[in-house]
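Only one chain is given next, in structure tokens, and it is the form predicted on its own.
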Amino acid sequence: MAEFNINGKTVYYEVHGKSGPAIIILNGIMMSTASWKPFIRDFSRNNVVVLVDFFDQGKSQTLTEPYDHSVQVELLDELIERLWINEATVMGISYGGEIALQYALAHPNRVTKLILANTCARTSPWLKKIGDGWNEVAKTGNGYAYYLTTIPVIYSTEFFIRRAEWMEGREAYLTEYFSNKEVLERLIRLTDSSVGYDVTSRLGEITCPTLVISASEDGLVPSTEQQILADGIKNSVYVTINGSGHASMYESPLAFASLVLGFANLYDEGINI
């Protein structure tokens, strides 16, 4: 657990594990380093795992002015510089995958492998409207309404029903969390930072081995958007976790962890049979 400053702003990060290839994990919008607690023991067994809170997330600094993804890409670059990581697997889920893509485009020599889970190459007009809806509810300051607007769609219907007790616990915790004005202002800025995001035309520039993890019941980033990634990145593998929604790491943790660790630790991606 540590912090560093960039342009006078504080960034919180964690490093777990003592040896092995480095895996840098990037959060979705509503996540933080704490979101990965269930995975740390297994992920760090044979790898050095780096977790980080973006600006307006977790324990990193709250910003006050609007910004775009370039702010988070700069944050990631500064973190990697400070940790003396020459190369790493960069794994991002949802919003974190968008930052991972842009970092790989800006610093291709530092990304040995790319893992993109439940993410996309652009903020489509449809996705922007969803974000606009979230923000309009956030402006009301009603934490319960924000929960109802944002969270159910993140999970598959089957998981939501099967894990009803767990979801009730999340509802109680998140309703209180979203009722904090500063939290909602953070989430508005994070959501707005994706407006105008589109690297579709640049996907062909990515040459490192890439794993695209989709989920069959993802109601936020449909598989059609993730297929764009697989089609555009030549050296990519496309895998679907059947039955899972957008939060695939929580709905199918064993499948998710197996995919991430298996791909990150492959010695030779070009196995010929």
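All residue numbers are counted from 1 along the displayed sequence. Nothing here was measured: the structure is a model prediction, and the numbers come from that model.
The discussion below concerns the form predicted together with a further copy of the same chain, not included here.
- Heavy atoms within 4.5 Å of a further copy of the same chain in the model of the complex are found in one stretch of 209 to 217, 22 to 30, 65 to 73, 48 to 56, which is 209 to 217.
- Proximity of Ile85 to a further copy of the same chain in the model of the complex: non-hydrogen atoms within 4.5 Å are absent; the residue sits far from the partner.
- Among residues of the shown chain, Leu266 is one whose heavy atoms approach a further copy of the same chain to within 4.5 Å in the model of the complex.
- Remark: Ala257 counts among the residues lining a further copy of the same chain in the model of the complex, judged by a heavy atom distance of 4.5 Å or less.
- The shortest heavy atom separation between Leu203 and a further copy of the same chain in the model of the complex exceeds 4.5 Å.
- Contacts between 225 to 263 and a further copy of the same chain, taken as any heavy atom within 4.5 Å in the model of the complex, involve Glu225, Val237, Tyr238, Val239, Thr240, Ile241, Asn242, Met249, Tyr250, Ser252, Pro253, Leu254, Ala255, Ala257, Ser258, Leu259, Leu261, Gly262, Phe263.
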